[in-house]
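Presented as structure tokens, the chain that follows is alone, the form predicted alone.
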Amino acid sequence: MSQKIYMPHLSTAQHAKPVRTRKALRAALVDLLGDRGLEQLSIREITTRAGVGYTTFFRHYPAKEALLNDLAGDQVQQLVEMALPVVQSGDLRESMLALCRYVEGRRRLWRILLTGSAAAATRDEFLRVAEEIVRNQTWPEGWLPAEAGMILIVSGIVELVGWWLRQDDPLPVERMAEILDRSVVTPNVAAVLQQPG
């Protein structure tokens, strides 16, 4: 005889509260990372800024690094969801333009994610998503394996966008998109698709 597990009915408000709490914690982390690195922040500072209880933090994250990974993951996921349909349409230049517009519209946040203490977590999240995309699609047997090509593309994008975000007088979005497309994306996509020999 199977045993039934009691699952209390949760209202919409009860489902929404954890989402609001995580959102508040991510926003607080962004605010604080603008001034200092993650290693200099305490969980108490983050929860105070977020307006949530100290113990509430641990219901959502085991450590501040997990919060940072969640923040990076959320932003990378939004960026990929926005850019992937453009990439799949085959218009690589337009996909880089969409990426640059997205980053420019959230410049402060992406500067924190790509040039500060969050850079490694953000790069790792980009690579994780890229590897997932490679696994879930069929690629031709080009001279450059698809996974290697994706690593080159992601690494190039992360490094160049990080450089762009560090500039006091940054290049226009259109120019940056052209640089990404011509130097990183199109050559590596062509290498993945080109037959060996």
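These numbers come from a predicted model, not from an experiment. Counting begins at 1, following the sequence as shown.
Below, we refer to the form predicted in complex with another copy of the chain, which is not included among the displayed structures.
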**Q.** in the predicted bound form, the one of Ala148, Val134, Leu38, Val30 near another copy of the chain [non-hydrogen atom within 4.5 angstroms]
**A.** Ala148
**Q.** Contact test in the predicted bound form: Arg22 vs another copy of the chain, heavy atoms, 4.5 Å
**A.** no
(Q) Whether Trp163 contacts another copy of the chain in the predicted bound form should be assessed with a 4.5 Å heavy atom distance threshold; does it? (A) yes
(Q) Would you classify Ser42 as touching another copy of the chain in the predicted bound form, given a 4.5 Å non-hydrogen atom cut-off? (A) yes
Q: Indicate whether another copy of the chain has at least one heavy atom within 4.5 Å of a heavy atom of Thr56 in the predicted bound form.
A: no
